[in-house]
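We begin with a single chain expressed as structure tokens, specifically the form predicted on its own.
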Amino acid sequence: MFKQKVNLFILSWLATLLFSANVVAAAQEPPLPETFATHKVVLQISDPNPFKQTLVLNVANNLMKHYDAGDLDLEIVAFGPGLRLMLEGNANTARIQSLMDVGVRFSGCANTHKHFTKILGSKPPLIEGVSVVPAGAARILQLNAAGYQILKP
């Protein structure tokens, strides 16, 4: 009898643990956007070069001007040194906020953010409105699997 109760306790504890792990994993995985846009694009920025970072913003701006509202779903994903583009106080903050205002999403890599925190000794703040995804490269692959075209200017 005692052994059955112990086994039942262990089984219920394992079930709770597995359920909790699945809930945490699901909470960390960013949802895919619901879109009816004809064109779905993800722009990658992984370069610390300010010229390339500006180029990514220029491409996003040009795409938003070229396509009708609602015909383009666009997300810019930064990882590695490219995350600098999305740090608060960046020279491009106003441009990023302007692109957010017209529907462009910005996602920054949590792995890189954690690495920056380790190097700097404190967590550098991201521009308000930037979403944090567990892994930038994985986010790009997730969007690509959902039909997004990857552009790396």
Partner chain sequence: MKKQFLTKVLPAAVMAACFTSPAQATNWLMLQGTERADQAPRAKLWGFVQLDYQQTDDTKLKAGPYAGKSAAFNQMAPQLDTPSGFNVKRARIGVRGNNLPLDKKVNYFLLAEMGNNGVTTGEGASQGQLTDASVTLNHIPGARVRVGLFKTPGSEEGLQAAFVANYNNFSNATNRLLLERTFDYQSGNTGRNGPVGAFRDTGVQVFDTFNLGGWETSYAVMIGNGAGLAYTDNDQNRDTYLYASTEKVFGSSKGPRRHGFKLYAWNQAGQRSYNDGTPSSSGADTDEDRTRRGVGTTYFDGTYRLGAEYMTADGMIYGGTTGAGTPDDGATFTVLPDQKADGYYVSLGYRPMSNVELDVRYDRLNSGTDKNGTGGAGAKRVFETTTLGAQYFFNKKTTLKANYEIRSIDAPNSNDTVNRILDSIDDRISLQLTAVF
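Quick caveat, the model's predicted, so the values are computed rather than measured. Residue numbers count along the first chain shown, from 1.
There is another form of this protein, the form predicted in complex with the partner chain, and it is not shown here; the text below is about that form.
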| message | Against the partner chain in the predicted bound form, would residue 69 count as a contact residue? Criterion: heavy atoms within 4.5 Å. | response | no
| said: in the predicted bound form, does residue 64 come within 4.5 Å of the partner chain, counting heavy atoms only? | reply: no
| task | Decide whether residue 116 counts as a contact residue for the partner chain in the predicted bound form under a heavy atom distance cut-off of 4.5 Å. | result | yes
| field | Any non-hydrogen atom of residue 31 within 4.5 angstroms of the partner chain in the predicted bound form | value | no
| task | Check, residue by residue, if 59, 101 and 131 all come within 4.5 Å of the partner chain in the predicted bound form, counting heavy atoms only. | result | no
| Mind listing which residues of 126-153 have a heavy atom within 4.5 Å of the partner chain in the predicted bound form? | none
